[in-house]
Structure formats: C-alpha cells, structure tokens
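A single chain comes next, written as structure tokens; it is the form predicted alone.
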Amino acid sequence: MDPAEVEFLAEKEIVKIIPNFSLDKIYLIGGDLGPFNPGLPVQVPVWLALNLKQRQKCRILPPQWMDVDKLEEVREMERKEDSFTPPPSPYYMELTKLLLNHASDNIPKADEIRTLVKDIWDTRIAKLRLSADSFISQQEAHAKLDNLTLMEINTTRSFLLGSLNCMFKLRSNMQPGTSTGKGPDY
C-alpha cells in the first residue's frame, strides 16, 4: 500500500460541514448523506467535504482532535512514553494534510496545528525507527505494532521488509555443522 492509497482511505473519515445550500438527503452506496440545510451542521465524508469546499458550498468544521490544546497534550504524552500512545486519529497525518491544504481558512490556528502534528509525527517515527533497530539487532521473530497508523507502518515497511529478508537469508545460510556459513554442497 502506498501513501496515496492510505490517503484515499482517510478520505472516508467523517467530518462536519456547515453547508450554504439546500438539498434533500442523497443516497449513495456508502450510505445516506444529508439533508443539507444552510447553516445547519451535517456529517459527511472528507472527500465530499473537500469537494463542496472547493466549490465554495460549505465551511468545514475541524475534527474534535484538531485542537491546539489537545494536540499539545498528545505531543507531551508521546514524548514521555517509551511505547506508542494512541494517535489522535487513525488518519491524523493524512487528515491534517488534506484539511489544512484545502480548508486552512476554516481551521483556527492552522499553522500551530500543522507544527504540532508534524512534531507528533516526527516523535512517533523516531520511536518507530528505534523500535525497528532494536527489533533487528535482537534478531526477533515477531513484533507487536500497537497504536500505529497505516501511514506510519507504510513509512518503515520497505526498510523492515528488506532487513527481515536479509536476516532470513543469513539465518538460512548458517546451518549447523558448516563452518563457512554456506549450505551443504551437492
């Protein structure tokens, strides 16, 4: 899975918008949306919120977790704990990027939020790299990936897979009874 696919999945998350148009309920395969009435909040997927925003048909309300005080608290918890703390949202990085790139005028303190989310991301990725290094150096066979997002896993996937493949090759070539580290000659 590449970052674009993870971002696609993030676009299915639900956000609140305040439409400036009227429309009855719309029936989609993924579920019913609406009705849309001017000035009344309604929940829609991010992909629709961004589409309506680009056409100047709504104002997007930031998710509850996208608040400076809450993000500062998450950042501090992440820095204090050795293990991964629950992320603010399963798609916090993707949603921040999407919402701040397309609707930053609707999000109070957008620059501070961008900085805090980047700090959280950097802290979590540093922890992930340290965990991966420890995992590989201790020659572990399995790992527990609690509280990681798809994008975080996706970021280190190629490194981890390459390292694990090398470890597997080294282990399979070092069979008992051979001093050269190669398998038996036939």
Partner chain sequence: MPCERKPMRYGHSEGHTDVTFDDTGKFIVTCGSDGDVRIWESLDDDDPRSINVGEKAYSLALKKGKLVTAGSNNTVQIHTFPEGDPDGILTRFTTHATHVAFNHSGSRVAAGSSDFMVKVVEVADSSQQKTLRGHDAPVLSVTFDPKDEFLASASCDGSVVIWKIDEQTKVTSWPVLQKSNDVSTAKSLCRLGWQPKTAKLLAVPVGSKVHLYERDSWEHVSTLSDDMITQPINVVAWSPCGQLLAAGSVGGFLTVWNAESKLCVERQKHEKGYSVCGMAWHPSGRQIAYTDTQGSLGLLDDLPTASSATKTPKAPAVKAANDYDDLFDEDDDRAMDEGLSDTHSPAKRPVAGGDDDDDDDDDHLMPATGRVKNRGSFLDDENSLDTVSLALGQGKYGDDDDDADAGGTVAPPTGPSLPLRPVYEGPLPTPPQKPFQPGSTPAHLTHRFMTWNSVGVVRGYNDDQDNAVDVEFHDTAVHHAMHLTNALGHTLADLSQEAVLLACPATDELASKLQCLHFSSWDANKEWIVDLPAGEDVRALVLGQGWAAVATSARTLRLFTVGGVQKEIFSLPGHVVSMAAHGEQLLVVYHRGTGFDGDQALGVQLLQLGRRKRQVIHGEPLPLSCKAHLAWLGFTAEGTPCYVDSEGVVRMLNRSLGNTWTPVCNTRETCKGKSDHFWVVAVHENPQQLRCIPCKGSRYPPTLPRPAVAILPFKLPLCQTTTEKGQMEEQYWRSTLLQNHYSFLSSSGYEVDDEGQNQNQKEQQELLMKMFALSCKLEREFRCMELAELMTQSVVTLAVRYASRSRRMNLAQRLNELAMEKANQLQEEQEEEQEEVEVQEEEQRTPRSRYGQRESAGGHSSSRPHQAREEEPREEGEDESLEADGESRKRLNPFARGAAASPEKPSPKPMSKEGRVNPFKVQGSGKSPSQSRVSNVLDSMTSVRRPVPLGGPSGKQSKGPVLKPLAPKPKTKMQSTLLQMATSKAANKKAQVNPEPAADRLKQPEVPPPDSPVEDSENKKPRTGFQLWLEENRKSILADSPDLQETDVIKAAMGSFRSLSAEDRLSWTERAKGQSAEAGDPKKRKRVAEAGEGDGEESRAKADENIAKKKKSLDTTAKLSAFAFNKN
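Just so we're clear, the structure is a prediction, and the values are computed from it rather than from any experiment. Positions refer to the first chain, counted from 1.
Only in words, not in the display: the form predicted together with the partner chain, which the text now covers.
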Residue among L130, L145, L40, L161 with a heavy atom within 4.5 Å of the partner chain in the predicted complex: L40
Partner contact for L61 in the predicted complex: the partner chain, 4.5 angstroms, heavy atom: yes
Any non-hydrogen atom of S22 within 4.5 angstroms of the partner chain in the predicted complex: yes
One stretch from 43-51, 30-38, 152-160, 120-128 that, in the predicted complex, holds residues within 4.5 Å of the partner chain by heavy atom: 30-38
